[in-house]
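First, one chain by itself in structure tokens, the form predicted alone.
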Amino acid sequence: MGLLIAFRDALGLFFATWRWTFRGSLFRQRKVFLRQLHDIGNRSVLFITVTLGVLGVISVFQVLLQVERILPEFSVVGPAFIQTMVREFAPTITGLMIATRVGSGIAAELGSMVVTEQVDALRLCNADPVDYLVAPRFWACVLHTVLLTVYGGVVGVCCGAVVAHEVWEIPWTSFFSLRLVELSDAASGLMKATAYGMAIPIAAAQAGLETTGGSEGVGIATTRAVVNASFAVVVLDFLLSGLSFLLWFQGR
């Protein structure tokens, strides 16, 4: 029952965010939006670079190690890895990393505003917290989740290519071949990135706005935000992967 109530509240916050967006929230709160673009996007670049770079190195190394033992034919490793990175690794790993860094930050910031009664002050001034606090963070997260997914995928593929070329002497042109990547793969990856970008700030904002108590309550809200946002990414990955299979991959 508690899970259904949380889902209902999150859905209500999601629709309220869209409603305020159509009412010009981003134009009124453009300074907040621009600041959130920097906080969410620019400060996540190094985090995403290291995470996806290491993932690319480890994944390609382990795959090539096993292929060398079983069937020393490396021509398909690069194209298959790029396809997997575009469709699965880049959006999902990026989403999980943003859920931990950005989700915790949003929940901590909004939770602190709740316990210090700044949110109540907004309501007394006839300012809706969704308009002032949630909508700018929501759209900044959506935009940068998509952009960081593309960037992280490029980093992961390039790092994997370096390992393949330097250790197994696989030609660059062979590894960077896109013969297995189709438009449906890119569409699936971008669809996941967009969905994660919408789910993470909603889960984090909901946890922050429901904060009770003092500093202990902020800590609890931050933990709940990370757990809920990460869980949302995992569930959406499962649902969207199934939807992608039904829409695009079943007919192959």
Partner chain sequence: MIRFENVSKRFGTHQVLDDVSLTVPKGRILFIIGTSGAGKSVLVKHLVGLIRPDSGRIFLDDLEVTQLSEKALYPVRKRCAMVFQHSTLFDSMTLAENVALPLLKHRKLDPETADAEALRRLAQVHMEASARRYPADIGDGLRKRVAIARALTLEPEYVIFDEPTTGLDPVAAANVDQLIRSLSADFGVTSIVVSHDLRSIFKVADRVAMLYQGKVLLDGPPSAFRSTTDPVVRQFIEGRPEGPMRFPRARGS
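Residue numbers count along the first chain shown, from 1. What you see is a predicted model; the values in this text were computed from it and never measured.
In what follows, reference is made to the form predicted in complex with the partner chain, a form of this protein that is not presented.
S.K.: In the predicted complex, does every one of 31, 116 and 121 come within 4.5 Å of the partner chain, counting any heavy atom?
M.R.: Yes, each of 31, 116 and 121 comes within 4.5 Å of the partner chain in the predicted complex.
S.K.: Test of understanding: in the predicted complex, would residue 126 fall inside 4.5 Å of the partner chain by heavy atoms?
M.R.: Yes, residue 126 is a contact residue.
S.K.: Is there any non-hydrogen atom of residue 139 lying within 4.5 Å of the partner chain in the predicted complex?
M.R.: Flag for residue 139 set to no.
S.K.: Please check if residue 132 has a heavy atom lying within 4.5 Å of any heavy atom of the partner chain in the predicted complex.
M.R.: Yes, residue 132 lies within 4.5 Å of the partner chain in the predicted complex.
S.K.: Flag residue 35 as yes or no: does it have a non-hydrogen atom within 4.5 angstroms of any non-hydrogen atom of the partner chain in the predicted complex?
M.R.: Yes, residue 35 lies within 4.5 Å of the partner chain in the predicted complex.
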